[in-house]
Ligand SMILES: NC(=O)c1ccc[n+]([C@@H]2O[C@H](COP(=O)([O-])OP(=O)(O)OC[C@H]3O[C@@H](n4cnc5c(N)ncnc54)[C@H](OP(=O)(O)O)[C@@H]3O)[C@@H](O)[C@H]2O)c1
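We begin with a single chain expressed as C-alpha cells, specifically the form predicted alone.
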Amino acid sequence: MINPENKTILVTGSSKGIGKSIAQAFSIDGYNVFICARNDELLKKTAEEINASGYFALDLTEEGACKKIIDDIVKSAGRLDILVNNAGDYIYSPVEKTEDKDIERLINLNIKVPYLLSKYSVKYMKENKWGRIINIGSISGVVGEANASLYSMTKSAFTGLTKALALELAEYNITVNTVNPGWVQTELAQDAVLQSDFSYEEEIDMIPQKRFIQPDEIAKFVKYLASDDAKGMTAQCISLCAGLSAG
C-alpha cells in the first residue's frame, strides 16, 4: 500500500470547477498534486490556494504537450500514481451548424488528450504495480443530449476506453473508471445553460432531485475510486447525476 504523502496525482483542467475541487481534495489529504490548464494567471492562483506541488499552464492539444507534462511530473516527483482526465470542452449546436474547427477541437481535447495522457502515464504505473486512471465523462455521453451531439459523442468514447484499458491493465493493479456527472454547479454548466434552449429553472425541473450536483460530491467519489478500498472496482462508468440518467 502506498501512503498518500508518497502518491502523485495529475488533475487536468483544474484551474476551476470540478478539476479544482478534485485537486484540492487530494491536496488536503497530503498527496503530491499537479494541476494544469490553459489560463496561467488563474492556474497560478489555484495552485497557491490548494498548495499544489506544481502546475503547468499549457494547451494539452499541442504536439508533444501530453508526453512533456507526464515526463516533467515524474522528473519532479519521481512517480505518477493517479491520473484524472478532467480537461474537456462543451459546445451546444445543431449537427448541421457545427463548425469543422469545433469538431476537430473537441475530438482532440475530449478524446485524444485523455488517451495520450493515459498512454504516457501507464509506463510509470506499471513500474510501481499500482495506479488509478479516472476519467471525468458526462451524463450526455450516457443518455445523449440533443443539439450537443458532438459533445455527447466525445464523452461516450470514455466508455470504450475505460473498459478496454481496465482489462489491459488489471494484472498490474491499475484500475480504470469513469465518472459521468450530470449538471454540476460550475461556470461551465452555467455557460452551457445559457447556450441551451432551456432556462436554469427548466433544467432544474428536469432533474429528479431538483438540484445540481456540487463539485465536492464529484471530488469525494474520485477520492474513493483512487483509494485501496476501491481496488476491486475497475472498468466501471458510474453516473453521478442526481437521478438524471434514470429517464
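No experiment lies behind these values; they were computed from the predicted model shown. Numbers for residues come from their place in the sequence shown, where the first is 1.
Form predicted in complex with this ligand: not shown, discussed below.
- For the marked spot (Lys7, Ser118 and Thr178), a heavy atom within 4.5 Å of this ligand in the predicted complex is absent from each of the three residues.
- Mapping the unseen interface onto this chain, Ala52 falls outside it, with no heavy atom inside 4.5 Å of this ligand in the predicted complex.
- This ligand is not shown here, but in the predicted complex it comes within 4.5 Å of a heavy atom of Ser15.
- The closest non-hydrogen atom of Ala47 lies beyond 4.5 Å of this ligand in the predicted complex.
- None of the heavy atoms of Ile82 is located within 4.5 Å of this ligand in the predicted complex.
- Checking Val122, Ala87, Leu161, Leu150 for any heavy atom within 4.5 Å of this ligand in the predicted complex turns up a single hit: Ala87.
- When this ligand is considered in the predicted complex, only one residue from Glu187, Asp197, Glu63, Asp205 comes within 4.5 Å through any heavy atom, namely Glu187.
- Annotated contact segment (heavy atom within 4.5 Å of this ligand in the predicted complex): 130 to 138, selected among 162 to 170, 73 to 81, 93 to 101, 130 to 138.
- Looking at 94 to 125, the one residue that comes within 4.5 Å of this ligand in the predicted complex, counting any heavy atom, is Leu109.
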